[in-house]
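Here's a solo chain for you in structure tokens, the form predicted on its own.
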Amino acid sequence: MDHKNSKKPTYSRFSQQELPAWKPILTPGWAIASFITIGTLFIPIGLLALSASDNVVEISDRYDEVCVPDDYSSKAESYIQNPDVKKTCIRTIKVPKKLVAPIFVYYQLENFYQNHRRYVKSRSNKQLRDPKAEDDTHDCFPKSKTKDGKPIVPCGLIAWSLFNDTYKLSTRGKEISINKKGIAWKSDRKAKFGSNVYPKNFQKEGLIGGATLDEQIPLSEQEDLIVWMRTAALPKFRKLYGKIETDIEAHDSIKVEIENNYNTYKFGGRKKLVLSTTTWIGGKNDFVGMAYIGVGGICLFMGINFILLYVFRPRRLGDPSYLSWNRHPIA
């Protein structure tokens, strides 16, 4: 035999699967102990998570419909597109429980598909971080260049549609300061948006999609833009607007002055202002606790069933008489 042309693999204990292995036998005791352990661990964790979620104070106020004047109730799109109509809207929010700082201010949009393929691709990551790549706009159509061929920075539909509603909050006659620093991910500010890249020709001509940007501030410091450009996976999403760093007492009334500028009426979208505190589990989220309790309950139920079966209908482990071909032998 010619060993040089042989296709026989080189022998090793690994390739021949001869290494030591653990092959556990799942006995009734192991199965019962596993289910009971998972159940007794998961249910308390779920109860703690639900308790933490219940301690979150969340206030949500939908304003897209109520902030349209009665004269424009049947033509909301005309109202939002008319530059001569005042867009200021005053809302009052009652505080049911004390809001302990930090209080997070979100805007929530519904029926807005940021995960649309064309929308998601309409950006230039290279342009956002490198000032020498401002002409890299081939993926940004239709918002890539001005009519005279000058590049738009930042280009693309995502940046062009930047959310531009604004909120001013006050209580007991005093303005509530909203801190807009540190609302974006640090990794995004450092790695994805350049500290020496500045907006150019942004929202300068044609149809204006949303907010404008200060051309004297680099993109790495334009945190509203950074938050907006981390696109959402679902059509209902929240994005962080800012943080309130003072407590708000229970039963206070918060006066909210809203500049209702963002056009969600074109596609039947909805807008909400959300104030929320957090706990160790984050914001209000009952799903995590209910999931733990559900899985734990199922495991406990299965464990108790196995115990009853093992006590009342036991069988010898590895008994070949239970094999199907032994239970129904061929005559």
Partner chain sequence: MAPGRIRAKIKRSSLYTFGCIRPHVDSPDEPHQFRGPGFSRHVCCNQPQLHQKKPLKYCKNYISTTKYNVVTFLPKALFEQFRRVANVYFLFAAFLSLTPVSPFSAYSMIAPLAFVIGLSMAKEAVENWHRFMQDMKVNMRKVRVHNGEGTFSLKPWMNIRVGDVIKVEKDQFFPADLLLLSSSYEDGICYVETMNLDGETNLKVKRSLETTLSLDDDSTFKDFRGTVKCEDPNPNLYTFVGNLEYKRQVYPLDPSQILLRDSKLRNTSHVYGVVIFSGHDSKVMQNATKSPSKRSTIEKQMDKIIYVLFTLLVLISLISSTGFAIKTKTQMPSWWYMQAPDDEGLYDPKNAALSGFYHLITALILYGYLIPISLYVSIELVKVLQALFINNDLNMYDEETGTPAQARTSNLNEELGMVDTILSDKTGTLTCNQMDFLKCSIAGMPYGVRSSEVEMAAANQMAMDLEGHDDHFTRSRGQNGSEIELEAARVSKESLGIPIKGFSFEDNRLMNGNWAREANPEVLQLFFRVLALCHTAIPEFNEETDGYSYEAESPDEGAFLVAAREFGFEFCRRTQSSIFVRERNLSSQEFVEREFKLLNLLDFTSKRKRMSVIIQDETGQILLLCKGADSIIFDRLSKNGRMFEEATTKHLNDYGEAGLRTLALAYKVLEESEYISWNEEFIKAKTSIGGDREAMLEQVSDMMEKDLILVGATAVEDKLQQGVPQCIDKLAQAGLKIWVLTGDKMETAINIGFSCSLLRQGMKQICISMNVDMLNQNSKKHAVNYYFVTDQVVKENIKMQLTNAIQMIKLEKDPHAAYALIIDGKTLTYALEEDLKHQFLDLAVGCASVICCRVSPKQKAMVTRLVKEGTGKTTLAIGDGANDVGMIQEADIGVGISGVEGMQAVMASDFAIAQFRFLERLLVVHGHWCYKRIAQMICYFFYKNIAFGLTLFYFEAFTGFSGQSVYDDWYMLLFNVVLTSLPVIALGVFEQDVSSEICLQFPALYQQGPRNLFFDWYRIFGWMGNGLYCSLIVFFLNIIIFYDQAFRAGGQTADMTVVGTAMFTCVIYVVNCQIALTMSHFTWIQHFLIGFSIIAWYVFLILYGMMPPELSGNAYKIFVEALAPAPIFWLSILLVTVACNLPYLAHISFQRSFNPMDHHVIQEIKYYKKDIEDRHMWTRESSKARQETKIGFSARVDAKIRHLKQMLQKKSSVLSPRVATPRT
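Residue numbers count along the first chain shown, from 1. Being a predicted model, the structure only gives us computed values, none of them experimental. Rigid core here is just the name for the largest C-alpha set that superposes within 1.5 Å across the two forms.
Heads up, the form predicted in complex with its partner chain isn't pictured, but that's what we're talking about next.
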Answer range among 114-122, 252-260, 87-95, 213-221 for contact with its partner chain, defined in the predicted complex as heavy atoms within 4.5 Å: 114-122
Proximity of S187 to its partner chain in the predicted complex, heavy atoms at 4.5 Å: yes
Any non-hydrogen atom of Y72 within 4.5 angstroms of its partner chain in the predicted complex: no
4.5 Å heavy atom contact, W280 and its partner chain in the predicted complex: yes
Non-hydrogen atom contact F287 with its partner chain in the predicted complex at 4.5 angstroms: yes
K126, W160 and M229 each touching its partner chain in the predicted complex (heavy atom, 4.5 Å): yes
Contacts with its partner chain in the predicted complex, stretch 227-244 (heavy atom within 4.5 Å): M229, R230, T231, A232, A233, L234, P235, K236, R238, K239, L240
L19: Cα shift of 2 Å or greater between this form and the one not shown (core-aligned): yes
Exceeds or equals 2 Å, Cα of P320 between this form and the one not shown, core fit: yes
